[in-house]
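One chain comes next, on its own, written out as structure tokens in the form predicted alone.
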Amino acid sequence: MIAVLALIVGVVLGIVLDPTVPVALQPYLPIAVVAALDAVFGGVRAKLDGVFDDKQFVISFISNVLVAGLIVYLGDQLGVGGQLSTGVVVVLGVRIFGNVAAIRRHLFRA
């Protein structure tokens, strides 16, 4: 219940305040969103499996976003940012689809 209320408050604040992402951080936002989605789907899967731990979820969420951003930043510094961004998206995409498949099997028994 608290999570749903926090989500609603966050959406309303985002609409009302219309925050902007600094230009320097804009290339990292899509990677951060994909990394956050990976943590969210992993959390949903863990909840359905009955092994959800809120501390582990928060640490996973924050560390996924930071590590993904750091990898892309290092790629930008080395001149291969596009390739590393693609690599991060592929790895996280595979994890997301794996978690979604597990959620589907758990919910629909298929």
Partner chain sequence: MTTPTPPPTEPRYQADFLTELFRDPLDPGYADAAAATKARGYRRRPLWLRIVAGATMLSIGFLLAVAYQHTQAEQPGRAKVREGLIDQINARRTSVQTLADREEKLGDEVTRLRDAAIPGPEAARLRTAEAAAGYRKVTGDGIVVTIGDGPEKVDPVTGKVDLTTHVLDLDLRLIVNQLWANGAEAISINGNRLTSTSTIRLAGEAIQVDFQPMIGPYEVSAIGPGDLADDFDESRTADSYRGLVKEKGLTFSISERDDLVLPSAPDPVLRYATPLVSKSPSPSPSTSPSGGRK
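Residue numbers count along the first chain shown, from 1. Because the structure is predicted, anything quoted here is derived from the model rather than measured.
Not pictured, yet referred to below: the form predicted together with the partner chain.
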Proximity of residue 107 to the partner chain in the model of the complex, heavy atoms at 4.5 Å:
no
Report yes if any heavy atom of residue 26 sits within 4.5 Å of a heavy atom of the partner chain in the model of the complex; otherwise report no.
yes
Does the 4.5 Å heavy atom contact test between residue 57 and the partner chain in the model of the complex come out positive?
yes
Within a 4.5 Å heavy atom cut-off, is residue 66 in contact with the partner chain in the model of the complex?
no
Taking the partner chain as it sits in the model of the complex, which residues of 14-35 have a non-hydrogen atom within 4.5 Å of it? Please list them.
14, 15, 17, 18, 19, 21, 26, 29, 32, 33
